[in-house]
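This document starts with one chain, in the form predicted alone, laid out as structure tokens.
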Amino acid sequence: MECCGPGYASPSDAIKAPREKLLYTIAIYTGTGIQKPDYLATVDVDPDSPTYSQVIHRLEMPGIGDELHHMGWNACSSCFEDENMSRKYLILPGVRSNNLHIVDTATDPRAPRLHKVIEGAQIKSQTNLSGPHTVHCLGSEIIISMLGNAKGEAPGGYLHLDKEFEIQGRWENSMGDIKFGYDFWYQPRHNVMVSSEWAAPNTFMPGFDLEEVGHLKYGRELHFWDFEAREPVESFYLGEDGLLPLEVKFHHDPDSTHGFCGAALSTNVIHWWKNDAGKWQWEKIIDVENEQHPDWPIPLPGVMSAILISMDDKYLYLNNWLHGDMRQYDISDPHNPVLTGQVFMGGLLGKAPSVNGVDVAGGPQMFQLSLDGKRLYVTTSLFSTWDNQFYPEIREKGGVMVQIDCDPVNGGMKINEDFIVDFGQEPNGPSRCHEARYPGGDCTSDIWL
């Protein structure tokens, strides 16, 4: 099916798209002790290129102290039939500054340029929101989860931008009884959005305090929304199985009701679906055991801070940031996942302290899968203050980006020995990389209507 809008007609078309040759990742100096701006790094991921596995461009932000973190496109496959839209701009929120940086990646994909900045002060004054996190496009509109109010208190809400990046106000009509915000994903054919919970910016920004989990300052609920009405209609209390339920993903198949959440501190995967009676259900399908560690007073949790679903909905990928492993599960039967691949890189268990000759400070944290499901790019920084707490050596060593080769047919994972990007060697000193995106779309941004 030929069309003029961005993205692909279907997930199966996306799988057949040309291989990625460039990758964008954010890199931070915020919280590292280096007084330089955070930046967007362009990484060459074309094996036939002379600059393969290198940072080939750095776009610095105008100020210092943004803490770039997640990012998202102005347009995706949800606008596939709109010839007036194109995947031209990447939105880079600063979690600490609340600034939104609109970056033009289309004029020169190898050297993105800053198009516009929406000031955090303006967002606070117009919407009483702060702490921008997840960015999703919905047709020509843009929705951003904001984790706090202007004072950094939960639950925050959702910022609504139009295609010209003008503030339209808050997207939601009500936050209901929701206590915290974090990630969200929607499945329009079922008129549903699911959102998850981290904590108030005032809680997570200084660092992690385990006592605050007991004091209920961290989330443990999933929320199901009436997407058209823009309000939550049902919440699931996950309890001890769902401490810090962070990333949420539906199947890419727009007809499916199956979705998944990674509960970071419990280190569990929660699966939800709609039953034959039309009721939402949830269950725990993966439980990563805690590990003993000589320097820890309690058993060491994996800390599953991210999950990802392959474009064909066959595999779920997860990380254990403190244990140091990436895992691949076959979720062909979403009720009964099967572990099909595992690799170690960094982590506190000492199983792979270096990869391809580079010391890994940190553990596998954020990751992006190629559209064809064959290449997984993994970075090691979670959030500046949390990095400093759990992996203090990251200040000197910086972050790394590793590529894992994945077998989308039979399952399996292995480290690609020809690829490593050492952000400890950056020109302004060691920086830390987090989320990654491709110019042609990816497995964590494209949604089909």
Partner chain sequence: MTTHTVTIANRESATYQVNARRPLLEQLRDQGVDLPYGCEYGGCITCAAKLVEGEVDQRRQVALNNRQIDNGYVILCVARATSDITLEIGVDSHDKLYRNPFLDPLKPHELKADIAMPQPSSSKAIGQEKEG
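Please read all numbers here as calculations on a predicted model, not as lab measurements. Numbering follows the first chain given and starts at 1.
Heads up, the form predicted together with the partner chain isn't pictured, but that's what we're talking about next.
J.: Using a 4.5 Å cut on heavy atoms, which of Asp226, Glu141, Asp104, Asp209 is close to the partner chain in the model of the complex?
T.: So the residue touching the partner chain in the model of the complex, by this definition, is Asp209.
J.: Just to confirm, with a 4.5 Å cut-off on non-hydrogen atoms, which of Lys274, Lys217, Lys374, His190 contacts the partner chain in the model of the complex?
T.: Answer to the contact question: Lys217.
J.: Which of 106 to 114, 150 to 158, 328 to 336, 279 to 287 has heavy atoms within 4.5 Å of the partner chain in the model of the complex?
T.: After filtering at 4.5 Å, what remains is 150 to 158.
J.: Please tell me whether the candidate spot formed by His57, Lys397 and Asn428 is one where all three residues come within 4.5 Å of the partner chain in the model of the complex (heavy atoms).
T.: No, none of His57, Lys397 and Asn428 comes within 4.5 Å of the partner chain in the model of the complex.
J.: May I ask you to check whether Thr51 falls inside a 4.5 Å heavy atom distance of the partner chain in the model of the complex?
T.: Close contact is absent here: in the model of the complex, Thr51 is far from the partner chain, nothing within 4.5 Å, heavy atoms only.
J.: Would Thr32 sit within 4.5 Å of the partner chain in the model of the complex, counting heavy atoms only?
T.: Close contact exists here: in the model of the complex, Thr32 approaches the partner chain to within 4.5 Å, heavy atoms only.
J.: Answer with yes or no whether Thr127 is in contact with the partner chain in the model of the complex, where contact means some heavy atom within 4.5 Å.
T.: Although the partner chain is absent here, Thr127 would stay clear of it in the model of the complex, with no heavy atoms inside 4.5 Å.
J.: Whether Asn268 contacts the partner chain in the model of the complex should be assessed with a 4.5 Å heavy atom distance threshold; does it?
T.: No, Asn268 is distant from the partner.
J.: So which residues in 285 to 306, when you check the partner chain in the model of the complex, have a heavy atom no farther than 4.5 Å from it?
T.: Residues within 4.5 Å: Trp296, Pro297, Ile298, Pro301.
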